[in-house]
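The chain below stands alone, shown as structure tokens; this is the form predicted on its own.
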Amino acid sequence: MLRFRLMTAADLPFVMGLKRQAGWNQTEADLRRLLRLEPRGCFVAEWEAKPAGTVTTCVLGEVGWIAMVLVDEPLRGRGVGTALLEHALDYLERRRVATVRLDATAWGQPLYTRLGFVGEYEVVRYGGTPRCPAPGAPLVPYTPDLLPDLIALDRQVTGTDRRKLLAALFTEFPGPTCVVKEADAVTGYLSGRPGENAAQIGPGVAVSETAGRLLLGHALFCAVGPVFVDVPRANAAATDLVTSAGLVAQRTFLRMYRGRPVRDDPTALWASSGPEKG
């Protein structure tokens, strides 16, 4: 009655429909990126030969991320979500990742706990149209020659080799990506991309508060409409900046893991990538 198959570009209208049921912010471009990053790890569940739900994965070094766990509203409560998650875990086990991570909504958290996931820390989504003064120092625009430094800095903060994700985002959206250098060393970067409901600020990391405030302040100042930014609750400076700019908490995700803990630093994560990949 329930079977799984690989997701393809032909499924994107169905996935977008599920995403809109949930009120999420992804665009079709985001979904196409997920397919490019992990073409053998994105799945559709079929119930009686009709699409019923989705799940995506993304392997970043030794860490596998699970996202887009969605079930069509009329078919909820039949175990489709659990089966999708188990199917994704089987795939990641075959890929021999050391850690599986995800950002859990309140709706999904009990399921993830039953399957062995452990809570790490909360990430709060803030939204609104920001009011922010211009940052007080110039930023360095992204250029491809900076990519190795940004990958190294990102790995220092996140504990994960996210090079294929960052390379894809920076190639698609070089304009919003900015860098801070202090004493000739890269100490932070911040990127962004369009969303269906609001522009998404992130990913962004900074190993000094000066760099983080410059980058996030610049993104908020440049916003021409509503934005979303996902900030770890542990990053008090980022939380202060977004709330001072008039953004309001929309929802909270619980970052969870199964397997080996990842040594990341949420106090240096100024904007998460969104619930797709941390």
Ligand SMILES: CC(C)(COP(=O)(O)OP(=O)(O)OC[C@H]1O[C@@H](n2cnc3c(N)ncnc32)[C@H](O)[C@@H]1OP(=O)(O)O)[C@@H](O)C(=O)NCCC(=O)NCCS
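Numbering starts at 1 and follows the sequence shown. Note that the structure is predicted; figures quoted are calculated from it, not measured.
What comes next is about the form predicted in complex with this ligand, which is not displayed.
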Open item on the list: Since the partner isn't included here, can you check whether this ligand sits close to all of 151, 156 and 181 in the predicted complex (heavy atom within 4.5 Å for each)?
Closed with: no
- [ ] Pick the stretch from 184 to 192, 167 to 175, 69 to 77, 93 to 101 whose residues have a heavy atom within 4.5 Å of this ligand in the predicted complex.
- [x] 69 to 77
- [ ] Identify, from the list 197, 113, 105, 208, the residue with a heavy atom within 4.5 Å of this ligand in the predicted complex.
- [x] 105
Open item on the list: Quick check on residue 22: any heavy atom within 4.5 Å of this ligand in the predicted complex?
Closed with: yes
Task: Partner contact for residue 129 in the predicted complex: this ligand, 4.5 angstroms, heavy atom - done: no
Open item on the list: Since only the chain is shown here, I'm wondering whether residue 135 would be in contact with this ligand in the predicted complex (any heavy atom pair within 4.5 Å).
Closed with: no
